[in-house]
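Next up, structure tokens for two forms of one chain, structure 1 and then structure 2.
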Structure 1
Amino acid sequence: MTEAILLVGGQGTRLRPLTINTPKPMLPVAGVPFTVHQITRARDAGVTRIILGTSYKAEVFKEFIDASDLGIEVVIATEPEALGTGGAIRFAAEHLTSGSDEPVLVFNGDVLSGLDIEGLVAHHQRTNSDVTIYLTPVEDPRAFGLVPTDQEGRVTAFLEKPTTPEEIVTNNINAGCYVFKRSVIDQIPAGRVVSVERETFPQLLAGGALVTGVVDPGYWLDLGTPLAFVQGSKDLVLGHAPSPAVPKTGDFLALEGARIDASANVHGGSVVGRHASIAGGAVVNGSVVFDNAVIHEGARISNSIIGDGAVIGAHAIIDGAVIGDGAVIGAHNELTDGARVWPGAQLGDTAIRFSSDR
């Protein structure tokens, strides 16, 4: 295996307001854009060339890649319009150089996992599969499509989200990483929206193709929501999730130029971004503080995301909230339970309490 396709074209609507200015895969997670964690894991598994399938704010990817050396060739393929998962794979395939029978790794741009990538590819080649799908077991599969397999690991069906206990025939779900034969990718219709989950895979089964599943029970997390985004960052910093892009794990991560007062308490896998400042008496627990943010004295931040250049006033309480880039939260405000503040918004020093369910 030498080539891969990384799908990073989504708009990240569940993560707004963070994704208003930055595409989701380029948001910093444990100090670097999330895309870097995926690219470096693919690189260390033997991938030498990777195609980024972009759409939303593609210029942000280009600027970063042009200025970076990740030890792997990175090619950017920008869709003129969103083409769905299958359409995006087919569009990116125009940049592949692999032969028709060679394996191509394909993975989604919002999944953090500890998958044994080399093992997945080895299974694909050993079984001569047309497509191999990474499956992971989840405790409650009702929010996911189910992928049952037979005793030999051959996928038998792709099932929609179950609505009754009788429909839960397996707890293994599609975990967002695949190995395709290049020739199978070339069979996906070009130039139109295609869902690989709802169209491509079911059609392959109906046509008698060999689609196999590899169940990996290790770490897996979809970073599509704010709480999951924070959890993924914490897990990387604490060493619970693997990534070559995190050179040192610990109780917190402070990036270059970060200023943390000696009386502040930063812990729980928190990240303090470049040139951000944490004043005396402030507490930052299990949170992501982006570059240039300012946390004033006595503020308490937990399980939250503080955007680039945002300001949190003295003794404010931010718990389970998302504060957009450049927003200003005045002293003594309390934002909890899913509250979201848009970029540039300002809340004065009058004490208010707000959560998303009030």
Structure 2
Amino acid sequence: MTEAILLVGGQGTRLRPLTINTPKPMLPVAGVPFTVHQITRARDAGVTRIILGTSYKAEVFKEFIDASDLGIEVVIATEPEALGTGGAIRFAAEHLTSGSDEPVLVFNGDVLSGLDIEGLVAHHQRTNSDVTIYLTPVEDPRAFGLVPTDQEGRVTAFLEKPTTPEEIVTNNINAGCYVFKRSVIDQIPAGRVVSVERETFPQLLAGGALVTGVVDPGYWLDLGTPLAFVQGSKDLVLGHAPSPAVPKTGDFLALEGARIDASANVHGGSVVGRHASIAGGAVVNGSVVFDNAVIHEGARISNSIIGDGAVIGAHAIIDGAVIGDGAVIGAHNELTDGARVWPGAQLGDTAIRFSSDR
């Protein structure tokens, strides 16, 4: 039996306004809450019990898990206040049943990957590591944790979100999945905020622990920003990213009750949510249209997220934007390049042009 901890307590700040009502891992991606892709991948890799480390909007997870059967035992741990990544792992560990030498998987809750999970655990066991970290190479590592290793794969440093050029020592980053020896988790201080990246890993290295890195160059994406969120959804729908929870791969995915006019053009891995409607002549390319949204005739939507129940007016152009739940965008508006509209906001039919580089 393998146990895992899934960290899902972050506030998802970079995905606002979508995360005002819904925590990031519960946002729908390719037809199901994102967390379902991760839980079912772990299940298929032999994980039999998973602890969800929740904090922000914990009740949303609880309601969903109570109502679902994902074929794996899911336990919800809710921190009294956000304890940071390390504090959350320590807090969730109260629910583990594994023995002190047994391996425990830990996953960040916003990562989509093709990682060979069983292979990572096997490597951890074979090397008798204290911690094994999944690494992936990226072009620009600055937004992540940099993890240099020596020739034997031993981790030599852990540099979270480096700020100086001298710290950019590798392109291999912490890909957000670890195997811990249970006893190592038990050594994390309880009852206070701890960052596993800034405190636990540097301390383990300073104390001579065996921390091993495994580079896996397969599919990897952190869905923390709107553009990455849209990319992850597209990749799942198109079948480029692996998940047992995608209902059907293809050029687009229309969920139950979605209505798409015969003269609309929906493609590029788009998702049309439950009871959403796309009118004639509208184009939806590489976008995520949440449930109940209404897209009027001739609107053109690309690389964007349209919130639950939002309304997009006729001939509006939405490109690289995030439209909050229930927002109403009048006809002919142009919202591009990082524009974000808050839930319930209304923009009239006055052909506003708005873009932002954020």
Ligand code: GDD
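Numbers given to residues start at 1 and step along the sequence of structure 1. In this text the structure is predicted, and so the values were computed from the model without any measurement. Between two forms, the rigid core is defined as the largest C-alpha subset superposing within 1.5 Å.
Novice: Would you check which of the pair is the form predicted together with the ligand?
Specialist: Note: form predicted together with the ligand is structure 2; the other is not.
Novice: Aligned on the rigid core, do the two forms place the Cα of F252 2 Å or more apart, comparing between structure 1 and structure 2?
Specialist: For F252, whose C-alpha is compared between structure 1 and structure 2 after core superposition, the shift is less than 2 Å.
Novice: Relative to the superposed rigid core, does G145 relocate between structure 1 and structure 2 - that is, does its Cα move 2 Å or more?
Specialist: Yes, the C-alpha position differs by at least 2 Å between structure 1 and structure 2.
Novice: Following rigid core alignment, is the displacement of the A190 C-alpha between structure 1 and structure 2 equal to or greater than 2 angstroms?
Specialist: Where the cores coincide, A190 shows only a C-alpha shift between structure 1 and structure 2 that is less than 2 Å.
Novice: If I align on the rigid core, how far apart are the two C-alpha positions of V169 between structure 1 and structure 2? Answer in Å.
Specialist: So the C-alpha of this residue moves 2.8 Å.
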